[in-house]
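Given as structure tokens, the chain that follows is alone and in the form predicted on its own.
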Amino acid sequence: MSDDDHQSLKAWGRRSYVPATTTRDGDRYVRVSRGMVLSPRRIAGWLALLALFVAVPDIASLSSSIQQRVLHQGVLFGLAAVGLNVLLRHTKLVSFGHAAFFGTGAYTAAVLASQFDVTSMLLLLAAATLVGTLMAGVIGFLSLRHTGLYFSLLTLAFGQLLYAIAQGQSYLGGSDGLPVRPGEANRATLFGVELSADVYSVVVYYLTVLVVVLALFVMWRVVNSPFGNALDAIGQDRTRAQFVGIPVRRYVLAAFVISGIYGGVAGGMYGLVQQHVRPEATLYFLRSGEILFMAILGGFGTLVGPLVGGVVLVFLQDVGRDFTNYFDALTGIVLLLLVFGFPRGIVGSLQSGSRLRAAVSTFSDDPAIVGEWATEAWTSLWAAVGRARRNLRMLVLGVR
């Protein structure tokens, strides 16, 4: 189906009189909600992904190599990457300080729990989201006066400023951080009910599932709204968008705040999961780089890609620690293979029209094509080695 057909189908799906199940151009579609029209195959895929997501505690209980806490942490960082993806995908702005909102949300929950003995899980999460949103508004207002490299450096500077404050203030625990263990049970409560340690971890996980599903649905509505279309126009040509009447700075600030909301709620959930917050784990600039890389790894051109990228990256880091002391190098090698093998990200490379899907289709039609691919790969590798030798000779001997 062409892009025009997709656009017409999207507009057709927004009409309130479209029935729940209908057929268009010989294909059957199901109207999930206003503006969301999906094929049965895609609905089955989403339901299967949701079922896998829900079954993680059961899967983790069957295998010692899969830790629920690790996957849970990956989902939360992936949720922060979904928020960052609003800027990266639609406005073409790169933030190097997105951990600021994640850390703000985590520290808000920690301060309220440790200093004010707030025990309500939902209240802690709401406060983390609110303060993360306010922080995004302040940083966005001060940073969006610039674009490109200067914007990226400003976000990095603000992130490092918050990291330095958390490190240097004894009220925030310094480098040791703060616990998120309020009340006599040393755990947050849900609707006033104290939970045992095992029940607490499962309840917090399923609360995360609910938050992630709602966050993805809201993000889908945002990017497929006129607001999302305006962000796309700004990302393509900021000057032209301003000429046609789009209030560019106001729209970009709104997108920045939305990204901060996702970072704040993810950070608040992280505090509830880990039950301890430290500056290195939440506010350090390398954490911002990881969140950015999660969005790219999973596929920043997709909705769910950053979430997948978060799970994959955190899982690789955890598995690498079990195999070798050089787990960072092992993770780097695996990620290089993923980047070269999935140039549009993991999820983006699995979508129709991608090079990977085309290669799989070609292989299914003619398996003998593998020999031709191997020859081309060897030729390319040999040519790259030759170029490297020439460059090294020029560098050492100073001759061409």
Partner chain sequence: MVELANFAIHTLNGIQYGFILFLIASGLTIILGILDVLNLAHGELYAVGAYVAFSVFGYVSGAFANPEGFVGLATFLVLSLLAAVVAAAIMVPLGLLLEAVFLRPLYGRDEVYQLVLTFGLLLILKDMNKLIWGPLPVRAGDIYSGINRIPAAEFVGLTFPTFKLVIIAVGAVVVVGLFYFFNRTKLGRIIRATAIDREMATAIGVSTDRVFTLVFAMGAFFAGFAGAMALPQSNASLEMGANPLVLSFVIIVIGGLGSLRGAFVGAMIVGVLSRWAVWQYPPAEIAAPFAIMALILLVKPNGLFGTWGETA
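Between two forms, the rigid core is the largest collection of C-alphas that superpose within 1.5 Å. Numbering follows the first chain given and starts at 1. These numbers were taken from a predicted model, which means no experiment stands behind them.
There is another form of the same protein, the form predicted together with its partner chain; it is not shown, and what comes next is about it.
Residues 53, 192 and 254 are none of them found to lie within 4.5 Å of its partner chain in the predicted bound form, as judged by heavy atom distances.
Of the candidates 292, 124, 79, 87, 292 is the one whose heavy atoms come within 4.5 Å of its partner chain in the predicted bound form; the others do not. Residue 94 is the only one of 199, 94, 130, 216 with a heavy atom lying within 4.5 Å of its partner chain in the predicted bound form. Contact check for residue 114: no non-hydrogen atom falls within 4.5 Å of its partner chain in the predicted bound form. Taking non-hydrogen atoms only, residue 296 approaches its partner chain to within 4.5 angstroms in the predicted bound form. Although the partner is absent here, residue 205 sits far enough away that none of its heavy atoms falls within 4.5 Å of its partner chain in the predicted bound form.
Although the partner is absent from this view, residue 156 contacts its partner chain in the predicted bound form, with a non-hydrogen atom inside 4.5 angstroms. This chain is displayed without its partner chain, yet in the predicted bound form the stretch 145-153 from 302-310, 102-110, 145-153, 116-124 comes within 4.5 Å of it by heavy atoms.
Looking at 306-332, the residues that come within 4.5 Å of its partner chain in the predicted bound form, counting any heavy atom, are 325, 326, 327, 328, 329, 331, 332. Residue 334 shows a C-alpha shift of 2 Å or greater between this form and the one not shown [criterion: core-superposed Cα displacement of 2 Å].
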